[in-house]
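Only one chain is given next, in C-alpha coordinates, and it is the form predicted on its own.
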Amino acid sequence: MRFYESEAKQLLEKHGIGVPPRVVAKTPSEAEKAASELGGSVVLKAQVLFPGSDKAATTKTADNPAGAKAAAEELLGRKFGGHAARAVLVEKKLASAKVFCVRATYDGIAKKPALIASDLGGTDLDDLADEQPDHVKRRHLSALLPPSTYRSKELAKDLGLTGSALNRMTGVVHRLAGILLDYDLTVVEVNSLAMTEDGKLIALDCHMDMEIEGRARQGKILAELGVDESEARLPREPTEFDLAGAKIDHDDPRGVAGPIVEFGGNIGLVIGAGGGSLTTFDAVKKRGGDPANYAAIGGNPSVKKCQALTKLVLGKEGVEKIAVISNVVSNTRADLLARGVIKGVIELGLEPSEVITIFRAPGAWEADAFKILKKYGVEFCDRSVSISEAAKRAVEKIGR
(Lines give C-alpha, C1' and ligand atoms only; values in the text may rest on other atoms or scores of the structure.)
Protein backbone atom coordinates (compact mmCIF):
# COMPACT_ATOMS: atom_id res chain seq x y z
CA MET A 1 0.00 0.00 0.00
CA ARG A 2 1.14 3.52 -0.78
CA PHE A 3 1.18 6.69 1.27
CA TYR A 4 0.19 10.11 0.05
CA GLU A 5 3.16 12.48 0.09
CA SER A 6 1.54 14.52 2.85
CA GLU A 7 1.41 11.39 5.03
CA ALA A 8 4.95 10.36 4.14
CA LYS A 9 6.27 13.78 5.15
CA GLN A 10 4.34 13.58 8.40
CA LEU A 11 6.24 10.38 9.16
CA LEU A 12 9.57 11.95 8.17
CA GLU A 13 8.93 14.90 10.46
CA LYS A 14 7.99 12.54 13.30
CA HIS A 15 11.50 11.06 13.01
CA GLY A 16 13.38 14.33 12.87
CA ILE A 17 13.89 14.71 9.11
CA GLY A 18 13.37 18.26 7.89
CA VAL A 19 10.42 19.00 5.58
CA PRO A 20 9.10 22.29 4.16
CA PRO A 21 6.37 24.26 5.98
CA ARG A 22 3.15 22.92 4.48
CA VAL A 23 -0.64 22.76 4.57
CA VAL A 24 -2.99 20.16 3.09
CA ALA A 25 -5.81 21.90 1.22
CA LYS A 26 -8.97 20.18 0.00
CA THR A 27 -10.44 23.16 -1.84
CA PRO A 28 -9.02 26.02 -3.94
CA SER A 29 -10.01 28.48 -1.21
CA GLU A 30 -8.06 26.50 1.38
CA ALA A 31 -5.07 26.50 -0.96
CA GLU A 32 -5.32 30.28 -1.31
CA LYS A 33 -5.44 30.69 2.46
CA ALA A 34 -2.50 28.30 2.90
CA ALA A 35 -0.39 30.25 0.42
CA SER A 36 -1.16 33.45 2.29
CA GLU A 37 -0.12 31.86 5.59
CA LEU A 38 3.08 30.39 4.16
CA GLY A 39 4.05 33.64 2.44
CA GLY A 40 6.03 34.05 -0.77
CA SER A 41 6.12 31.43 -3.52
CA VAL A 42 4.57 28.02 -2.94
CA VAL A 43 4.60 24.59 -4.55
CA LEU A 44 1.28 22.77 -4.97
CA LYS A 45 1.17 18.99 -5.36
CA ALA A 46 -1.89 16.94 -6.20
CA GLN A 47 -2.26 14.15 -3.66
CA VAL A 48 -2.58 11.15 -5.97
CA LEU A 49 -1.26 7.69 -5.12
CA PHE A 50 -0.68 6.47 -8.67
CA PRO A 51 -0.33 9.40 -11.07
CA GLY A 52 0.67 7.21 -14.02
CA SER A 53 2.20 9.03 -16.97
CA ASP A 54 0.85 12.34 -15.65
CA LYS A 55 3.31 12.45 -12.74
CA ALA A 56 5.02 15.66 -13.85
CA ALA A 57 1.66 17.40 -14.22
CA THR A 58 0.75 16.84 -10.56
CA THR A 59 3.02 19.68 -9.40
CA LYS A 60 2.56 23.41 -9.95
CA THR A 61 4.08 26.58 -8.49
CA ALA A 62 2.50 29.88 -7.57
CA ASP A 63 3.96 33.26 -6.58
CA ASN A 64 0.92 34.52 -4.66
CA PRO A 65 -2.34 33.34 -3.04
CA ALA A 66 -4.41 34.05 -6.16
CA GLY A 67 -2.06 31.95 -8.25
CA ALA A 68 -2.24 29.17 -5.68
CA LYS A 69 -6.02 29.17 -5.86
CA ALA A 70 -5.96 28.93 -9.65
CA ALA A 71 -3.39 26.13 -9.57
CA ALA A 72 -5.41 24.21 -6.98
CA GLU A 73 -8.55 24.54 -9.11
CA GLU A 74 -6.70 22.95 -12.01
CA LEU A 75 -5.15 20.14 -9.94
CA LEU A 76 -8.38 19.28 -8.15
CA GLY A 77 -10.40 19.45 -11.36
CA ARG A 78 -8.66 16.71 -13.32
CA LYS A 79 -7.54 13.10 -13.03
CA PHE A 80 -4.02 11.71 -13.06
CA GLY A 81 -3.58 8.13 -14.19
CA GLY A 82 -7.33 7.74 -13.84
CA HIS A 83 -7.31 9.00 -10.23
CA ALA A 84 -8.75 12.27 -8.96
CA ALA A 85 -6.60 14.22 -6.50
CA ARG A 86 -7.64 13.68 -2.90
CA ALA A 87 -6.26 17.07 -1.86
CA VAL A 88 -3.46 19.49 -2.66
CA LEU A 89 -0.29 19.75 -0.60
CA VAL A 90 0.75 23.41 -0.43
CA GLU A 91 4.39 23.93 0.57
CA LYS A 92 6.63 26.92 0.98
CA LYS A 93 9.08 27.04 -1.92
CA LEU A 94 12.64 26.73 -0.62
CA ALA A 95 15.94 27.60 -2.27
CA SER A 96 18.72 25.03 -2.19
CA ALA A 97 22.43 24.98 -2.82
CA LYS A 98 22.55 21.26 -3.69
CA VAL A 99 20.05 18.44 -4.16
CA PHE A 100 20.60 14.75 -3.38
CA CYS A 101 18.52 11.60 -3.75
CA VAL A 102 18.35 8.93 -1.04
CA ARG A 103 16.42 5.65 -1.09
CA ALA A 104 16.07 2.92 1.53
CA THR A 105 14.66 -0.30 0.12
CA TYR A 106 15.32 -4.03 -0.26
CA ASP A 107 17.77 -5.62 -2.65
CA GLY A 108 16.01 -8.70 -4.00
CA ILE A 109 19.26 -10.19 -5.31
CA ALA A 110 21.36 -9.67 -2.19
CA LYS A 111 18.28 -10.32 0.00
CA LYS A 112 19.25 -7.48 2.31
CA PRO A 113 18.04 -3.97 3.09
CA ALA A 114 19.84 -1.46 0.89
CA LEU A 115 20.68 2.22 1.01
CA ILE A 116 21.05 3.95 -2.36
CA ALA A 117 21.98 7.58 -2.93
CA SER A 118 23.11 10.02 -5.58
CA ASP A 119 24.56 13.51 -5.61
CA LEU A 120 22.35 14.25 -8.62
CA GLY A 121 19.01 14.66 -6.91
CA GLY A 122 15.77 15.59 -8.61
CA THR A 123 16.26 12.89 -11.24
CA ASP A 124 14.81 9.40 -11.22
CA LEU A 125 17.29 7.18 -9.39
CA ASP A 126 16.66 4.20 -11.65
CA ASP A 127 17.40 6.28 -14.75
CA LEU A 128 20.57 7.58 -13.12
CA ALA A 129 21.72 4.03 -12.43
CA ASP A 130 21.48 3.30 -16.15
CA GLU A 131 22.78 6.58 -17.53
CA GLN A 132 25.29 7.79 -14.93
CA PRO A 133 26.12 4.81 -12.69
CA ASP A 134 29.18 6.56 -11.24
CA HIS A 135 26.84 8.96 -9.47
CA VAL A 136 24.83 6.21 -7.76
CA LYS A 137 26.20 4.77 -4.51
CA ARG A 138 24.96 1.71 -2.62
CA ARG A 139 25.42 0.17 0.80
CA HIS A 140 23.76 -2.92 2.26
CA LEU A 141 22.48 -3.32 5.80
CA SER A 142 22.19 -6.40 7.95
CA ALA A 143 18.96 -8.32 7.52
CA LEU A 144 19.10 -9.31 11.21
CA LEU A 145 20.61 -6.42 13.15
CA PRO A 146 19.36 -2.82 13.56
CA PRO A 147 20.60 -0.37 10.91
CA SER A 148 24.15 0.81 11.51
CA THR A 149 25.14 4.47 11.58
CA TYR A 150 28.50 3.31 10.24
CA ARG A 151 26.89 2.14 6.98
CA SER A 152 24.91 5.36 6.74
CA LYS A 153 28.10 7.39 7.20
CA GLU A 154 29.88 5.35 4.53
CA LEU A 155 27.11 6.18 2.07
CA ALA A 156 27.19 9.87 3.00
CA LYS A 157 30.94 9.90 2.54
CA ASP A 158 30.52 8.29 -0.90
CA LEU A 159 28.56 11.40 -1.88
CA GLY A 160 31.65 13.52 -1.32
CA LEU A 161 30.47 15.14 1.89
CA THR A 162 32.71 16.11 4.79
CA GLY A 163 32.45 17.87 8.15
CA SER A 164 29.05 18.95 9.39
CA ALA A 165 27.42 18.16 6.01
CA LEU A 166 28.63 14.58 6.34
CA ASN A 167 27.18 14.30 9.83
CA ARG A 168 23.83 15.75 8.80
CA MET A 169 23.53 13.42 5.81
CA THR A 170 24.50 10.44 7.99
CA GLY A 171 21.64 11.29 10.34
CA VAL A 172 19.08 11.54 7.53
CA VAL A 173 20.19 8.30 5.87
CA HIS A 174 20.17 6.46 9.20
CA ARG A 175 16.66 7.68 10.02
CA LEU A 176 15.36 6.65 6.60
CA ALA A 177 16.78 3.16 7.15
CA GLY A 178 15.04 2.99 10.52
CA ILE A 179 11.73 4.12 9.05
CA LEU A 180 11.98 1.43 6.36
CA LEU A 181 12.50 -1.36 8.86
CA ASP A 182 10.32 -0.12 11.71
CA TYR A 183 7.18 0.37 9.61
CA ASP A 184 7.28 -2.63 7.27
CA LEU A 185 7.98 -0.45 4.26
CA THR A 186 9.23 -1.76 0.93
CA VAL A 187 10.69 1.60 -0.04
CA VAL A 188 11.16 5.07 1.38
CA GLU A 189 12.67 7.54 -1.05
CA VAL A 190 13.46 11.23 -1.01
CA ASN A 191 14.15 12.09 -4.62
CA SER A 192 14.95 15.73 -3.85
CA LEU A 193 16.82 16.05 -0.57
CA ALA A 194 17.81 19.69 -0.60
CA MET A 195 20.79 21.15 1.19
CA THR A 196 20.01 24.79 1.98
CA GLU A 197 22.53 27.63 2.09
CA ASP A 198 22.88 27.23 5.84
CA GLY A 199 23.62 23.49 5.48
CA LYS A 200 20.26 22.05 6.57
CA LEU A 201 18.82 19.04 4.77
CA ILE A 202 15.15 19.31 3.76
CA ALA A 203 13.08 16.58 2.07
CA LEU A 204 11.29 18.38 -0.75
CA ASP A 205 9.43 15.21 -1.68
CA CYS A 206 8.93 11.68 -0.35
CA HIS A 207 7.65 8.36 -1.62
CA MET A 208 6.71 5.46 0.69
CA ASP A 209 5.17 2.02 0.13
CA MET A 210 4.21 -0.42 2.88
CA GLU A 211 4.02 -4.20 2.70
CA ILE A 212 0.31 -5.04 2.58
CA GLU A 213 0.95 -7.72 5.22
CA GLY A 214 2.33 -5.02 7.51
CA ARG A 215 -1.01 -3.25 7.89
CA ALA A 216 -2.08 -5.48 10.77
CA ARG A 217 1.14 -4.73 12.66
CA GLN A 218 1.19 -1.01 11.90
CA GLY A 219 -2.29 -0.04 13.05
CA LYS A 220 -1.02 2.58 15.49
CA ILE A 221 1.00 4.62 12.99
CA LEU A 222 -1.64 4.23 10.27
CA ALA A 223 -4.24 5.65 12.65
CA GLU A 224 -1.86 8.47 13.52
CA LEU A 225 -1.48 9.30 9.85
CA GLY A 226 -5.23 9.15 9.30
CA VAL A 227 -5.22 6.09 7.04
CA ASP A 228 -8.64 4.47 7.30
CA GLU A 229 -8.84 0.68 7.58
CA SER A 230 -11.21 0.58 4.59
CA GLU A 231 -8.68 2.17 2.24
CA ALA A 232 -7.17 -0.48 -0.02
CA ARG A 233 -4.51 1.88 -1.42
CA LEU A 234 -4.21 -0.25 -4.58
CA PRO A 235 -3.07 1.00 -8.01
CA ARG A 236 -6.68 0.84 -9.15
CA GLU A 237 -10.09 0.47 -7.57
CA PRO A 238 -11.05 -3.21 -7.07
CA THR A 239 -13.43 -4.59 -9.70
CA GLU A 240 -16.49 -6.73 -8.97
CA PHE A 241 -14.35 -9.74 -9.94
CA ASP A 242 -11.63 -8.75 -7.45
CA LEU A 243 -14.20 -8.28 -4.68
CA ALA A 244 -15.88 -11.60 -5.44
CA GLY A 245 -12.49 -13.31 -5.21
CA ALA A 246 -11.77 -11.67 -1.87
CA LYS A 247 -15.16 -12.87 -0.60
CA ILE A 248 -14.34 -16.46 -1.57
CA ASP A 249 -11.17 -16.28 0.49
CA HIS A 250 -12.93 -14.59 3.40
CA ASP A 251 -15.90 -16.95 3.59
CA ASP A 252 -13.82 -20.14 3.80
CA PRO A 253 -10.77 -20.03 6.12
CA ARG A 254 -9.30 -23.27 4.80
CA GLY A 255 -6.31 -22.49 2.63
CA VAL A 256 -5.72 -19.30 0.68
CA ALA A 257 -7.28 -18.00 -2.52
CA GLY A 258 -5.73 -14.68 -3.31
CA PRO A 259 -4.84 -12.12 -4.08
CA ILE A 260 -7.27 -12.32 -7.00
CA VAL A 261 -6.85 -9.66 -9.65
CA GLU A 262 -8.78 -9.16 -12.88
CA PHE A 263 -7.12 -8.73 -16.27
CA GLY A 264 -8.63 -8.63 -19.75
CA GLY A 265 -7.38 -11.83 -21.40
CA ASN A 266 -9.04 -15.09 -22.42
CA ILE A 267 -7.04 -17.66 -20.41
CA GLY A 268 -8.35 -18.13 -16.88
CA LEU A 269 -5.70 -19.05 -14.34
CA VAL A 270 -6.04 -21.17 -11.21
CA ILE A 271 -2.43 -21.23 -10.14
CA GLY A 272 -0.25 -22.15 -7.15
CA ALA A 273 0.32 -19.52 -4.50
CA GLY A 274 3.54 -17.69 -3.73
CA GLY A 275 6.43 -17.49 -6.14
CA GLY A 276 4.99 -20.37 -8.17
CA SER A 277 1.93 -18.35 -9.14
CA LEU A 278 4.02 -15.36 -10.22
CA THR A 279 6.27 -17.65 -12.26
CA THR A 280 3.24 -19.26 -13.89
CA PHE A 281 1.65 -15.92 -14.78
CA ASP A 282 4.91 -14.76 -16.37
CA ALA A 283 5.30 -18.08 -18.19
CA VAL A 284 1.85 -17.76 -19.76
CA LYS A 285 2.67 -14.23 -20.90
CA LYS A 286 6.05 -15.28 -22.25
CA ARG A 287 4.46 -18.09 -24.26
CA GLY A 288 2.17 -15.57 -25.92
CA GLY A 289 -0.90 -16.13 -23.77
CA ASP A 290 -3.28 -13.45 -22.51
CA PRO A 291 -4.22 -14.08 -18.84
CA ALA A 292 -7.72 -13.14 -17.76
CA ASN A 293 -6.77 -12.99 -14.11
CA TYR A 294 -4.25 -13.64 -11.40
CA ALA A 295 -5.67 -16.02 -8.81
CA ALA A 296 -3.26 -17.79 -6.49
CA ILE A 297 -4.47 -20.74 -4.46
CA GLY A 298 -2.65 -22.83 -1.86
CA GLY A 299 -2.32 -23.73 1.81
CA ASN A 300 -4.52 -26.85 1.39
CA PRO A 301 -7.81 -25.19 0.42
CA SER A 302 -11.09 -27.07 0.67
CA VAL A 303 -12.93 -28.56 -2.32
CA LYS A 304 -15.56 -25.85 -1.82
CA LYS A 305 -12.98 -23.09 -2.08
CA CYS A 306 -11.38 -24.55 -5.21
CA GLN A 307 -14.82 -25.00 -6.73
CA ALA A 308 -15.86 -21.40 -6.02
CA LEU A 309 -12.64 -19.99 -7.44
CA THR A 310 -12.95 -22.12 -10.59
CA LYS A 311 -16.51 -20.93 -11.18
CA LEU A 312 -15.49 -17.32 -10.67
CA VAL A 313 -12.57 -17.52 -13.11
CA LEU A 314 -14.27 -19.62 -15.77
CA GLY A 315 -17.46 -17.58 -15.52
CA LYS A 316 -15.64 -14.32 -16.20
CA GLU A 317 -16.63 -12.63 -19.43
CA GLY A 318 -14.15 -13.35 -22.21
CA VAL A 319 -12.63 -16.45 -20.60
CA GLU A 320 -12.56 -19.38 -23.02
CA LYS A 321 -10.60 -21.97 -21.03
CA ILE A 322 -8.65 -22.27 -17.79
CA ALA A 323 -5.21 -23.58 -16.90
CA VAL A 324 -4.49 -25.13 -13.50
CA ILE A 325 -0.76 -24.89 -12.87
CA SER A 326 1.22 -24.99 -9.65
CA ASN A 327 4.66 -25.77 -8.35
CA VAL A 328 5.16 -28.88 -6.21
CA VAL A 329 2.55 -28.42 -3.50
CA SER A 330 3.69 -30.35 -0.44
CA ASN A 331 1.13 -28.69 1.82
CA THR A 332 -1.82 -28.83 -0.58
CA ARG A 333 -3.69 -31.99 -1.53
CA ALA A 334 -3.71 -32.21 -5.30
CA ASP A 335 -6.80 -34.44 -5.22
CA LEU A 336 -8.86 -31.79 -3.39
CA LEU A 337 -7.78 -29.20 -5.91
CA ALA A 338 -8.75 -31.53 -8.76
CA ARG A 339 -12.13 -32.33 -7.19
CA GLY A 340 -12.91 -28.64 -6.68
CA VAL A 341 -11.90 -27.61 -10.19
CA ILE A 342 -13.87 -30.44 -11.83
CA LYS A 343 -16.92 -29.72 -9.69
CA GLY A 344 -16.80 -26.01 -10.52
CA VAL A 345 -16.62 -26.72 -14.26
CA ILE A 346 -19.51 -29.19 -14.18
CA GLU A 347 -21.73 -26.82 -12.16
CA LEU A 348 -21.30 -24.27 -14.95
CA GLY A 349 -22.63 -26.88 -17.39
CA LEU A 350 -19.29 -27.30 -19.16
CA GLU A 351 -17.14 -30.30 -20.09
CA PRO A 352 -13.88 -30.49 -18.08
CA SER A 353 -12.00 -31.98 -21.05
CA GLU A 354 -12.98 -29.02 -23.23
CA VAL A 355 -12.29 -26.09 -20.91
CA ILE A 356 -9.37 -27.26 -18.74
CA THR A 357 -6.31 -26.89 -20.94
CA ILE A 358 -3.80 -28.43 -18.54
CA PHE A 359 -3.60 -29.58 -14.92
CA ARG A 360 -0.14 -29.44 -13.38
CA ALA A 361 -0.25 -29.52 -9.59
CA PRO A 362 2.17 -32.21 -8.42
CA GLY A 363 2.55 -33.00 -4.75
CA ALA A 364 0.53 -34.64 -2.01
CA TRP A 365 -2.10 -37.14 -3.17
CA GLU A 366 -1.24 -36.48 -6.81
CA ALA A 367 -1.96 -40.10 -7.84
CA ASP A 368 -5.58 -39.73 -6.72
CA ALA A 369 -5.80 -36.37 -8.47
CA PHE A 370 -4.59 -37.91 -11.72
CA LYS A 371 -7.24 -40.66 -11.48
CA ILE A 372 -9.97 -38.02 -11.17
CA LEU A 373 -8.63 -36.00 -14.09
CA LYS A 374 -8.22 -39.09 -16.29
CA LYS A 375 -11.86 -39.99 -15.67
CA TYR A 376 -12.95 -36.64 -17.10
CA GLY A 377 -10.48 -36.62 -19.98
CA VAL A 378 -8.40 -33.71 -18.67
CA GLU A 379 -4.74 -33.51 -19.70
CA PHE A 380 -2.52 -33.65 -16.63
CA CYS A 381 1.22 -33.81 -16.00
CA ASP A 382 3.59 -34.36 -13.10
CA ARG A 383 6.68 -32.48 -11.97
CA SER A 384 8.71 -33.82 -14.89
CA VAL A 385 6.93 -31.22 -17.02
CA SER A 386 8.16 -27.70 -16.24
CA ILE A 387 5.86 -24.79 -15.49
CA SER A 388 7.07 -23.16 -18.69
CA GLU A 389 6.16 -26.24 -20.75
CA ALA A 390 2.76 -26.50 -19.05
CA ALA A 391 2.10 -22.83 -19.87
CA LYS A 392 3.11 -23.48 -23.48
CA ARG A 393 0.62 -26.34 -23.79
CA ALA A 394 -2.16 -24.22 -22.29
CA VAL A 395 -1.52 -21.34 -24.69
CA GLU A 396 -1.36 -23.66 -27.70
CA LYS A 397 -4.75 -25.17 -26.85
CA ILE A 398 -6.52 -21.86 -26.67
CA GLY A 399 -4.63 -20.01 -29.40
CA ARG A 400 -2.99 -16.62 -29.12
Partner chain sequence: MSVLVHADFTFIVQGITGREALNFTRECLEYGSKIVGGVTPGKGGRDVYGVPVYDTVREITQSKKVDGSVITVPLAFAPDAAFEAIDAGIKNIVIITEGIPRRDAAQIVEYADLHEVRVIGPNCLGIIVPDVCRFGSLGGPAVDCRKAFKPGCVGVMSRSGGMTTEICNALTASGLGVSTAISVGGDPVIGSTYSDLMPLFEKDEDTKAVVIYSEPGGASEAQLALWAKENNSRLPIVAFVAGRFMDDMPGMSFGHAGTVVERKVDSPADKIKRMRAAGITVAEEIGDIPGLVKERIGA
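Rigid core here is just the name for the largest C-alpha set that superposes within 1.5 Å across the two forms. Positions refer to the first chain, counted from 1. Keep in mind it's a predicted model, so treat the numbers as computed, not measured.
Beyond what is shown, the protein has a form predicted in complex with the partner chain; the following relates to that form.
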{"property": "Residues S142, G214 and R360 all lining the partner chain in the predicted bound form, heavy atom within 4.5 Å", "result": "yes"}
{"property": "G77: touches the partner chain in the predicted bound form, heavy atom cutoff 4.5 angstroms", "result": "no"}
{"property": "Partner proximity in the predicted bound form: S96 to the partner chain, non-hydrogen atom cutoff 4.5 Å", "result": "no"}
{"property": "Distance check, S192 to the partner chain in the predicted bound form, heavy atom within 4.5 Å", "result": "no"}
{"property": "Distance check, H174 to the partner chain in the predicted bound form, heavy atom within 4.5 Å", "result": "no"}
{"property": "Options 101-109, 164-172, 79-87, 196-204; stretch whose heavy atom lies within 4.5 Å of the partner chain in the predicted bound form", "result": "101-109"}
{"property": "The partner chain: the contacting residue among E154, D119, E320, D182 in the predicted bound form [heavy atom, 4.5 Å]", "result": "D182"}
{"property": "The unique member of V261, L225, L159, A246 whose heavy atoms fall within 4.5 Å of the partner chain in the predicted bound form", "result": "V261"}
{"property": "Within 4.5 Å of the partner chain in the predicted bound form: residues from 223-254 (heavy atom criterion)", "result": "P235, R236, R254"}
{"property": "Yes/no, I387 Cα shift of 2 Å or more between the shown form and the other one with rigid core fixed", "result": "yes"}
{"property": "After fitting the core, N293 CA displacement of 2 Å or more between the shown form and the other one", "result": "yes"}
